[in-house]
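One chain follows as structure tokens, the form predicted alone.
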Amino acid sequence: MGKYCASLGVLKGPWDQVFAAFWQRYPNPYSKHVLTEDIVHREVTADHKLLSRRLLTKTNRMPRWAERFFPANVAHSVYILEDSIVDPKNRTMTTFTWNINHARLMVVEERCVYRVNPENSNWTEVKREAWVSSSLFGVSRAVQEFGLARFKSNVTKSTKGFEYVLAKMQGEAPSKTLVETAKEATEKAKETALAATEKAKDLASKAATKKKQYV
């Protein structure tokens, strides 16, 4: 039996804009693990729904304990199929994704539904569901726990990337990336440390001068 998780989130943009941003998500500062994306099929149905299939290539490093189950020459890239159904009449977009390689180690299936937020029509509600399973004898439970943790981490990156693209479309300055924030924090810490050092030197110098006056 595999692992299951579900979450409900909100993107601060109208559904039409989120739908457009969905196809412009890559590249963004939070998607460096996404190497390629290719549309392999697209059609409009008789009832005016847009059906698409994309092939994505991502890098996902395996934990060291899992690497021993695979030969050294096995590619660490993960190939993912993404099917999507866009219903402009009801303003919903549903996506299904799953990995097509490394299935012996783990299969992660995800279903997302994007619809107008019922409490704010200028926002979009996102419901995510994921199923993680493994057929690796003896360690399937550990693999599933790892897969679930990795999935939750990737969801955070995906949401931040989506917000970044939306901000650019809305003409706003995108929020700083984690790297930029960390760099600024490091520079500020250096400046604070330097100022503290200079102040300590100054106090030490004053103390030495005062001591000489009493000698």
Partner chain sequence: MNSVGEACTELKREYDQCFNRWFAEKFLKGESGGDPCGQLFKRYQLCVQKAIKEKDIPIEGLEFMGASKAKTENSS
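Not measured: the values here are computed from a predicted model. Residue numbers count along the first chain shown, from 1.
Keep in mind the form predicted in complex with the partner chain is missing from the figure; the text below concerns it.
For the marked spot (26, 39 and 55), a heavy atom within 4.5 Å of the partner chain in the predicted complex is present in each of the three residues. The partner chain is not shown here, but in the predicted complex it comes within 4.5 Å of a heavy atom of residue 20. Among heavy atoms of residue 47, some come within 4.5 Å of the partner chain in the predicted complex. When contacts are judged by a 4.5 Å heavy atom cut-off, residue 104 does not count as touching the partner chain in the predicted complex.
Proximity of residue 123 to the partner chain in the predicted complex: non-hydrogen atoms within 4.5 Å are absent; the residue sits far from the partner. Shown without its partner, the chain has 92, 94, 95, 96, 98, 100, 109, 111, 113 in segment 89-119 as residues with a non-hydrogen atom within 4.5 angstroms of the partner chain in the predicted complex.
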